[in-house]
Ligand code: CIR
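First, one chain by itself: the form predicted on its own, in structure tokens.
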């Protein structure tokens, strides 16, 4: 169960964020409205949410999940794979110091963005992508193993981050799309299959047996509800324009 979350309000510089989506520029005012509703949804799920001020120097900083991995015993500060995001980690140690005594770092030449890391119990799957390399992944695994956890790597083919296409919903249920449906590493799970036309919905999040998912994907919503979860839909259209999704917008622990 999660008890806390950390989020960062999007800045006006959001319109300059990294993107490959081809969906146009985000509407800043609408993004603020959607972000506020996202925070409210986390609170309804029982989380105490710490809200950080906007960081105008870093347009992508609202996607706070990418800069740290929070486990039950330690925090690991990431080293983002694109230069424009490296400055986001500067203040994370002081922020996380309010919650963790045990904090590690990923260092050059290792690069990791935590959108490439999926926790399933005590095991962490780490996607090797354009943003996360072998050195970074194995640094994370070493930090985990020192504390009795484990990790393994997954080579990505088509998606930006691992959690672009897969989400663990606890209870051995895994939402999966595209390349992950046939990936050998995930065959031990009960796969909740996402149709290609609903692929964006694979980035959903489990929060204390409620699943938060983006609005507009009725097939996978029905599948998740049939698996026994309460589903809450949230409109994150302005963050989708920046290749972002529900998991990216918070650190949950």
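Treat the numbers as computed from the prediction; the structure is a model and nothing was measured. Residue numbers count along the first chain shown, from 1.
Quick note: we don't show the form predicted together with this ligand, though the next part is all about it.
- Work out which of the listed stretches, 57-65, 185-193, 24-32, 204-212, brings a heavy atom within 4.5 angstroms of this ligand in the model of the complex. After filtering at 4.5 Å, what remains is 57-65.
- Heavy atom within 4.5 Å of this ligand in the model of the complex - the one residue of 96, 144, 118, 160 that qualifies: Selected option: 160.
- Task: Determine whether any heavy atom of residue 129 comes within 4.5 Å of a heavy atom of this ligand in the model of the complex, and answer yes or no.
- Result: No, residue 129 is distant from the partner.
- Query: residue 164: heavy atom within 4.5 Å of this ligand in the model of the complex?
  - Reply: Heavy-atom contact with this ligand at 4.5 Å: present for residue 164.
- Classify residue 251 as contacting or not contacting this ligand in the model of the complex by the rule of any non-hydrogen atom within 4.5 angstroms, answering yes or no. Judged by the heavy-atom cut-off of 4.5 Å, residue 251 is well away from this ligand in the model of the complex.
- Message: If we define contact as a non-hydrogen atom of the residue within 4.5 angstroms of the partner, is residue 111 a contact of this ligand in the model of the complex?
- Response: Residue 111: no contact with this ligand in the model of the complex.
- Message: Suppose contact means any heavy atom within 4.5 Å; which members of 1-39 contact this ligand in the model of the complex?
- Response: Contacts from 1-39: just 18.
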